[in-house]
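For reference, the chain that follows is the form predicted alone, supplied as structure tokens.
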Amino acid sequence: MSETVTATQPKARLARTFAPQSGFAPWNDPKKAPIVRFENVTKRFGDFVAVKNVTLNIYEREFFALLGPSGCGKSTLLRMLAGFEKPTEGRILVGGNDITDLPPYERTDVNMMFQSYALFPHMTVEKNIGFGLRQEGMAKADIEARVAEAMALVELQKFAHRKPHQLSGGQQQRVALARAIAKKPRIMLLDEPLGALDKRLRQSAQFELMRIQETTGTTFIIVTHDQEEAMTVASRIGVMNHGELTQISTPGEIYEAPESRYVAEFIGDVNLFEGKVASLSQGMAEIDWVGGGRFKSAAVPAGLSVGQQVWLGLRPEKIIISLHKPAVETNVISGKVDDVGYLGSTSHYHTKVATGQRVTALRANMAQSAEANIKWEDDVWLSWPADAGVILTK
């Protein structure tokens, strides 16, 4: 898709064109060259390895999320792409060109929006947005056109003459984003851009980021520790742990088919049942649970063998909770309700099973009532179909 953007006319919105749900998946095309490539990148600070041998391809018009806990190396990876840190080993390419040794001001295809926003308090909104363009020596008329375009994109026109202290947190965030967008980079880097916002405003801002990314067609790379945020905005997610990328997949694949216990536990809630493979037959695995009983699972990973230690991962919404024992004979365990969380649209039931393990089941509240028919201390039955879980070997 080749589209031209003028300084005064933003792109028409391309409705979810760059989301995996629309079929956008350049990472599956071996002929497609990435716009960003980290090639065996390692970063050390003294004896501490912040990023360890990372190889990663990110494609044009992707909204890519680097997700992980504090200290996992995700911000260091982003800062190396921006030029604020230099890899100890490996190289970084943008558009096929090696930029590893380029200083930040020469990386014209890349712009970064910081968590702190870093707005100039003495400048108006329009002056803040145009600051980088003035530093580049752009003509005044072109700056005015770019600033007007950026303000329209984030809907800040009526705040043009206000100063940062006269804006809400969400409005300041949009000013920072507009300032970065005004330079029309091919790649936008966002380091925890919504971290300063409250939950409700952050959720609204997530969809605003998606709209802007789709409208401009810019490649966005976001760093976040918020799983829900990554799942909402990203076309793909790279989950990091101790400087390494543990899995790179679409949000749906990350959630439904995690490749390790770490990813399963980091993305959403999960119940893990430890056991050993008892048998493998016709695409079905039987697992002897440490708590007694045998589970069946249709999610059989390649290379699985009888006798192997595994964990069956089950999301809370996949588990059926009932006061009465179900008719099925497999994938059924008993428990006692330890706690109930009423969240409006859903209720979360925390139960204790034979091993003392806490198992969470989620149920939609279909009726208009705040009273649950399953209460604390109730004896319950938990069950699930064979295709509900995923077998994890590491």
Partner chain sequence: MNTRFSWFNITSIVLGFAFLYVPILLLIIYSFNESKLVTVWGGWSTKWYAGLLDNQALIDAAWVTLRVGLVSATIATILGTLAAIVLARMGRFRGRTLFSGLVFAPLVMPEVITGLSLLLLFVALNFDRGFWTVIIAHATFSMCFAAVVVQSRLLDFDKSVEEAAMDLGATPVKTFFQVTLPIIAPAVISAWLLSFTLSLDDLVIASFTTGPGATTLPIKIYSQVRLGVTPEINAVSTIMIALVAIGVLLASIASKRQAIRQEKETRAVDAGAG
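Rigid core here is just the name for the largest C-alpha set that superposes within 1.5 Å across the two forms. Source: prediction; values computed, not measured. Numbering follows the first chain given and starts at 1.
Absent from the display: the form predicted in complex with its partner chain. The rest refers to it.
> Which one of 245, 94, 231, 112 is close to its partner chain in the predicted complex, taking close to mean a heavy atom within 4.5 Å?
Replying inline: It is 112.
Practice problem: Identify, from the list 283, 121, 292, 303, the residue with a heavy atom within 4.5 Å of its partner chain in the predicted complex. | Solution: So the residue touching its partner chain in the predicted complex, by this definition, is 121.
Taking 52, 69 and 88 as the candidate spot, are all three within 4.5 angstroms of its partner chain in the predicted complex by heavy atoms? No, the candidate spot makes no contact with its partner chain.
How about residue 162: is it within 4.5 Å of its partner chain in the predicted complex, going by heavy atoms?
The answer is yes: residue 162 has a heavy atom within 4.5 Å of its partner chain.
**Request:** Determine whether any heavy atom of residue 131 comes within 4.5 Å of a heavy atom of its partner chain in the predicted complex, and answer yes or no.
**Result:** Answer yes; at least one heavy atom of residue 131 falls within 4.5 Å of its partner chain in the predicted complex.
- Item | is_contact(residue 315, its partner chain) in the predicted complex, heavy atom dist at most 4.5 Å | Result no; residue 315 lies far from its partner chain in the predicted complex.
Exercise. Consider residue 166 of the chain shown here, and say whether it contacts its partner chain in the predicted complex, taking contact as heavy atoms within 4.5 Å.
Key: Although its partner chain is absent here, residue 166 would touch it in the predicted complex, with heavy atoms inside 4.5 Å.
Look at the stretches 138-146, 248-256, 79-87, 233-241 and give the one with heavy atoms within 4.5 Å of its partner chain in the predicted complex.
It is the stretch 79-87.
(message) If the two forms are fitted on the core, does residue 235 show a Cα displacement reaching 2 angstroms between the shown form and the other one?
(response) Result for residue 235: no, shift under 2 Å.
### Task
Examine residue 136 after superposing the rigid core and state whether its CA is displaced by 2 Å or more between the shown form and the other one.
Yes, because once the rigid core is superposed, the C-alpha of residue 136 moves 2 Å or more between the shown form and the other one.
Practice item. State yes or no: after fitting on the rigid core, is the Cα displacement of residue 123 between the shown form and the other one at least 2 Å? Key: Yes.
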